[in-house]
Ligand SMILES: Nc1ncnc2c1ncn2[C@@H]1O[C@H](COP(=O)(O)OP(=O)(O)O)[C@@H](O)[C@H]1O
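For reference, the chain that follows is the form predicted alone, supplied as structure tokens.
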């Protein structure tokens, strides 16, 4: 179910080509994926969750921006039947406002914690953390809220993947960068009228990371990283 790399227990990212580069996420770690609109953050997050379900690790998806029906429909084009997994009690979709999550965190986990305990979830996605962090007026309050959220995730014994909008990259780095276990950046740049995608592993604790950015594609099976290529804008 889990692989090992350098003596550290690992959880698959859900992307075989990315696993080849880093061996997967550290078990029970908190991982941040940053990218702009259309860069592939949600697809990556769903691949991570569905990979876990296929390995017997139930998942929870919390979103502030995506609608359930649209998300389920979009993911079917990648062969990911979320409705099926939901009916089998292997997957739970939460559609919240940032204010609702703020209240849940204040209450110490609330409904989310109850569901995680009920289904014994082992993977969790929050898409995207940007909306939640920006609820707080100053940097100290944002950092404290994020730390409290991370403490809850750690208490739930889940491996977590959080997404963030690239427009808030500087804020995210300064307030969350030192707290998360890994940071992956997804690029979606245009050159001469053509969009190209790239993936950079900026940080991953306890892991020797590649010092280059790789091109990737979004296929009908999800994200595929070209581990031999170099992303050039």
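Computed from a prediction, not measured in an experiment: that's the story for all the values here. Numbering follows the first chain given and starts at 1.
Although it is not shown, the form predicted in complex with this ligand is what the next lines describe.
Check: Though this ligand is not shown, can you say which of 50, 60, 185, 43 has a heavy atom within 4.5 Å of it in the model of the complex?
Finding: Checked against the cut-off, the match is 43.
Next item on the list: Sort through 27, 200, 66, 181 and report the residue having a heavy atom within 4.5 Å of this ligand in the model of the complex.
Entry: Only one listed residue qualifies here, and that residue is 66.
Margin query: Only one of these stretches, 74-82, 96-104, 153-161, 132-140, has heavy atoms within 4.5 Å of this ligand in the model of the complex; which one is it?
Written below: Single hit among the candidates: 74-82.
Check: Can you check whether residue 206 is within 4.5 Å of this ligand in the model of the complex, heavy atom basis?
Finding: Taking the distances in the model of the complex, the answer for residue 206 is no, it never comes within 4.5 Å of this ligand.
Margin query: Contact with this ligand in the model of the complex for residue 38, defined as at least one heavy atom pair within 4.5 Å: yes or no?
Written below: Yes.
Note to self: Can you work out whether residue 9 and this ligand are in contact in the model of the complex, taking contact to mean some heavy atom pair no more than 4.5 Å apart?
What the structure shows: No.
Margin query: Residue-level contact is defined here as any heavy atom of the residue lying within 4.5 Å of this ligand in the model of the complex; does residue 218 satisfy this criterion?
Written below: Contact with this ligand, yes.
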